[in-house]
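Have a look below at one chain only, the form predicted alone, in structure tokens format.
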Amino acid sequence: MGLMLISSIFAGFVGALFGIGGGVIIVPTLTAFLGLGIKDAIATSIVGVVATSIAGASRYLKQGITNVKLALFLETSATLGAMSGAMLEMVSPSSILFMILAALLLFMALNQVKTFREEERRIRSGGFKGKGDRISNGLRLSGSYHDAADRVRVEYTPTRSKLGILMSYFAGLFSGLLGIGGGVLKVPIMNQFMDVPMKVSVGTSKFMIGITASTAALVYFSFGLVKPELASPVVLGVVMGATLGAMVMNRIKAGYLKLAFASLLVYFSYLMATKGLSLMVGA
């Protein structure tokens, strides 16, 4: 249980920094290091995702980083995706789940490396304040926040709202399917496709994943897959880590956040691909 608690603290800390649920750390740890089956690991992880969202999101709301209107707009489709993914997980082969997670993590890592310099340039030049689109303007989804690292007020207006809500469905689908909270997709959806600053994407994602993960967690509870003896240390750890992570995130430059996130994702992508291939060949 000691390793589970330590890894959960780390998962909560990283989750708060990057707007993810922490499942990309919890699931690999429970499977690769503790020998837990992936479906039990996913069910345990999704409970931890709910906990880390509550702990991290509250602090980001106080800092004015979270865009609540944008979160609720995108969450309408993400919740539907989470329900679909949770049901699909019940009948999916474990080896396929590992490989899907590995491919997803690697894809997101490459995108983070590709855009890390562009993020800071746009923050300094005010490049996030565009005209938006009919939906974002009509719903008044624009906002602003104080970037503590660069010491500037950053204003932004989301774009490509239709694409964003469509892709949020698939983020929710992966959340329910893999127990990862969907943040690894929600953050880049907002940041790279909707022109929302990285830190706002992180804060808004933390707010969203609690709703998405709660939907999937209800399905796991109904099937009796959540084990209290596993979930308790995970919840305790992620709450501690998320509280600390939310305190320091806005003081780190966005480019550094992206590079650190990419490195972490590559490592766990390797772990999951190795596990998936091992199951496929019957090793």
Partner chain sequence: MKADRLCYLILTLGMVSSASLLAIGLALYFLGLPYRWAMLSGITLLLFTPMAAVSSTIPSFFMEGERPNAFVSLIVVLFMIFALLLSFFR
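Positions refer to the first chain, counted from 1. All values reported here derive from a predicted model rather than from experimental measurement. Whichever C-alpha set is largest while still superposing within 1.5 Å between the two forms counts as the rigid core.
Although it is not shown, the form predicted together with the partner chain is what the next lines describe.
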- Of 207 to 215, 187 to 195, 112 to 120, 99 to 107, the segment with heavy atoms within 4.5 Å of the partner chain in the predicted bound form is residues 207 to 215
- Of Val154, Met167, Leu80, Ala149, the only residue with a heavy atom within 4.5 Å of the partner chain in the predicted bound form is Leu80
- Query: Quick one: of Ile252, Val226, Met247, Ala32, which gets a non-hydrogen atom within 4.5 angstroms of the partner chain in the predicted bound form?
  - Reply: Val226
- Task: Decide yes or no: are Val14, Arg160 and Leu177 jointly within 4.5 Å of the partner chain in the predicted bound form, with each residue judged by its heavy atoms?
- Result: no
- Classify Tyr145 as contacting or not contacting the partner chain in the predicted bound form by the rule of any non-hydrogen atom within 4.5 angstroms, answering yes or no. no
- the partner chain contact in the predicted bound form: Ile42, any heavy atom under 4.5 Å: no
- Contact flag, Leu173 vs the partner chain in the predicted bound form, heavy atom cut 4.5 Å: no
- Phe128: heavy atom within 4.5 Å of the partner chain in the predicted bound form? no
- Query: Going by the partner chain in the predicted bound form, which residues of 55 to 77 come within 4.5 Å of it through any heavy atom?
  - Reply: Ala55, Ala57, Ser58, Leu61, Lys62, Thr66, Val68, Lys69, Leu72, Phe73, Glu75, Thr76
- Message: Tell me whether Asn67 is among the residues that move between this form and the one not shown (Cα shift of 2 angstroms or more, core superposed).
- Response: no
- Message: Superposing on the rigid core, I want to see if Leu218 changes position between this form and the one not shown - specifically a Cα shift of 2 Å or more.
- Response: yes
- Task: Using a rigid core alignment, state whether the CA of Ala254 is displaced by 2 Å or more between this form and the one not shown.
- Result: no
